[in-house]
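Listed next as structure tokens is one chain, alone, in the form predicted on its own.
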Amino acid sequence: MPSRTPSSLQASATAPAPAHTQSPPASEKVLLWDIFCKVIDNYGDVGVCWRLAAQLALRGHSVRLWLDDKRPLQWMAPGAAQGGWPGISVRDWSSAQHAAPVPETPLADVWVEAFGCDIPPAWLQSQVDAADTQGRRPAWINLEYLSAEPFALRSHGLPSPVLQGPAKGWTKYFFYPGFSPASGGLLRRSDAQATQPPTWANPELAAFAPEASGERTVLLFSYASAPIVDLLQALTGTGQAVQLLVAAGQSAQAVRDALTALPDGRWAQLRLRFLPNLPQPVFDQLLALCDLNLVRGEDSLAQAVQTGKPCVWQIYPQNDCAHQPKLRAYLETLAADAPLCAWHAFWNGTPAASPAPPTLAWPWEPDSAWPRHAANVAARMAQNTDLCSQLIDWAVLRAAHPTAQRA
């Protein structure tokens, strides 16, 4: 796997087109946004960018989402690639690699380079020419990976002068999502049901509902490197009836591989259910309903911690072990107790990993502090300004003062 600096990754889901858009506040200027995203692997990049685009559109803004691979949107946001989402136009990255006539590509108010991807030089040149003609420059944002590390707070909002290329002399600004009020915040659910508590009675979720009273539901969304065999053995040894919802992709393959390593008689209290690729809002609602969420990457983590349900994060593994201090910073930010730290050590294979996973605490055990801690974390996150709102506020300020973009 390639190194992901400065952050990790994710993959998740998104859903049917909204029936309407929300009107922006009277004080909020409606903007045109260009969001650039390269789908490197695991679909985390496009998951975050789609969620941002959907939230902007719901608030009345217009978005051009430039992707080098539209295929994940087929299940993340059905109909999006075909223009079925009001306010969002999904564009081919390849078309941005050639200078487009200005009338076909009006100059945006905001450019967002997601996760270190660079705007194609030919497109950039055409837009710089348009900016010079119109006497204004888009607000330019470098949207970074989610991190709780100190450097992210120090770097959040800092300018980055452009020293070469068509936009030499312009300025980009770093935006770091995070869990602290001093960070860029987190993206929140973008579907129309975000204000309504999810329920297993929802027709989109009924197929995954627990079959028996008292059955616990665990969502498994992991990389192939997760200790799946140990997890299955631990679940079957709890004495608790458990439904394991296994996400499509690496998780499903890892579970199928693990089944051959376990004796047949160990499955009486564990019911496996393999999920299809799900639209993002459906996946979000599952996170809010499950008793334990084992999630990976960035967008899934951000959504899981905001549900108030117990979760364990498998961070994107990097060859240089740069993910380990990132994981420690996350746990410190959450004020995680010893059992939660032990879970993360086990799930991420860190040197302090427990040699006996069946001894790990489960959130449904009597007197477990885990559910209360998860609810407290979600309450803290709800007090922070969300990432979409912060980006809009920042961009509106600079759109109103175009000279602020001049070096």
Ligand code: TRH
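Numbers for residues come from their place in the sequence shown, where the first is 1. A quick note: this is a predicted structure, and the numbers were derived from the prediction, not measured.
This next part talks about the form predicted in complex with the ligand, which is not shown.
Contact with the ligand, judged by heavy atoms within 4.5 Å in the predicted complex, is confined among 341 to 349, 62 to 70, 46 to 54, 361 to 369 to 46 to 54. A single residue from the set 147, 217, 142, 280 has any heavy atom within 4.5 angstroms of the ligand in the predicted complex; that residue is 280. Taking 111, 179, 123, 223 one by one, only a single residue has any non-hydrogen atom within 4.5 Å of the ligand in the predicted complex, and it is 223. Residue contact with the ligand in the predicted complex: residue 75 places a heavy atom within 4.5 Å of it. The ligand in the predicted complex is not approached by residue 106, whose heavy atoms all lie more than 4.5 angstroms from it. The ligand in the predicted complex comes within 4.5 Å of a heavy atom belonging to residue 276. Using a 4.5 angstroms limit between non-hydrogen atoms, residue 293 is distant from the ligand in the predicted complex.
Of all the residues from 230 to 251, the single one having a non-hydrogen atom no more than 4.5 Å from the ligand in the predicted complex is 247.
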